[in-house]
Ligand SMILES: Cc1ncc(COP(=O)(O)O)c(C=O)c1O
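Take a look at this single chain in structure tokens; it is the form predicted on its own.
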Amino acid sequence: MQDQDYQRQLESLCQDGLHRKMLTVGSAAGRMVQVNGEKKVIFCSNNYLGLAGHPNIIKAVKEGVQEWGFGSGGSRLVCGNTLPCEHLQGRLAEMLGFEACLVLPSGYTANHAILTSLAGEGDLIVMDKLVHASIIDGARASGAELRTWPHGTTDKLKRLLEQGGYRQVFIVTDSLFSMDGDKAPLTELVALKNRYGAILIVDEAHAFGCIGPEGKGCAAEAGVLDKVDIFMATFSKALGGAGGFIASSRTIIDYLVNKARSFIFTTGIPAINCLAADAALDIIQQEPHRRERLHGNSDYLRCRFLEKKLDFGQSLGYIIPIILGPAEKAIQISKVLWYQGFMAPAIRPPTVKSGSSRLRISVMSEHTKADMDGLCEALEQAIQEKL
């Protein structure tokens, strides 16, 4: 195999400020971690409620390994379907008010399963322009026609729905957008799906566990959870673990079990992952102060950013983008923060559109006021240095 062409492409990425390298984390996930041998206050983690290191979850995993071992042994349709997984599915379905639930190894495989199995030729998938890459990839692989509507307005969505002519129409959106921190207009989307007979799919990955009554997500917060046709979320954000799930009607879930290739042809999620998620749900239910503290921290940090006239877009929660523009500027400011003891990597294209590179500041319930004040001062200094 000739590597020269790939090497040239890598060099081009470097010149454009888009080359990426992985950093090595040498400690458990928390508000402070050891990265490349240095301790940093981390402002880029999806471990929003700080549950990744919660003693109850560690206890559940330790006991689970003793009983269940580590791996599942096979795909869930062969021999990898465990009692903890079945229990978790039933609990999630009951919690959210759906007939059934299906657990998969990740949120990516869950979105891929939904779109590639349910949509096909003759169908339309229409999605918010800023949905997660897993939704885009699943839609592209489905064979259905794919269209988008501009983020922040549903005018184009309405026009597309009015045109008709499709066997089925799927409206797909994130509930809390992972790079902008704003929320989808779910009440309006429900009204449109009812009016035009569409199927509404909502990705609650970044909201589940943190937003709404009992952490049920943005749809529950808006009072429309029972109007959502397919609900998807993960265990890898608020729950501090790994895995994803889909909640819907029993018919849809059974259909996915029989048709979704990303479910059928992958090893089943380990039982200990399910036990960890189950323990996390207990904590979320028993310790509501974690959600309260998360939202209090988010409000405080946005107020500080506002005081310093930083552009954080339309963020409404614990994901707060500091929009800087050029990729190189975002990289340089991220480096200054690093030397000041803070980890907030630059987010660049293709993750965000060209000219909107940013720091994606993600708040945790465990951040202290000193952490947040320190970040603000370091950020202000970094921006002044790099103007």
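In case it trips you up, residue 1 is the first one in the sequence shown, and so on. Owing to the predicted nature of the structure, the values given are computational and were not obtained by experimental measurement.
Note that the form predicted together with the ligand isn't included here; everything after this is about it.
For the chain shown alone, residue 76 is not a contact residue for the ligand in the predicted complex, no non-hydrogen atom being within 4.5 angstroms.
Though the partner is left out of this view, residue 232 does reach within 4.5 Å of the ligand in the predicted complex, counting heavy atoms only. Heavy atoms of residue 237 reach within 4.5 Å of the ligand in the predicted complex, making it an interface residue. Although the partner is absent here, residue 181 lies well away from the ligand in the predicted complex, with no heavy atom inside 4.5 Å. The contact residue chosen from 107, 270, 317, 84 relative to the ligand in the predicted complex is 107, the criterion being a non-hydrogen atom within 4.5 angstroms.
Only one of 134, 266, 117, 154 comes within 4.5 Å of the ligand in the predicted complex through a heavy atom, and that residue is 134. Residues placing heavy atoms within 4.5 Å of the ligand in the predicted complex fall in a single listed stretch, namely 197-205, out of 289-297, 197-205, 309-317, 121-129.
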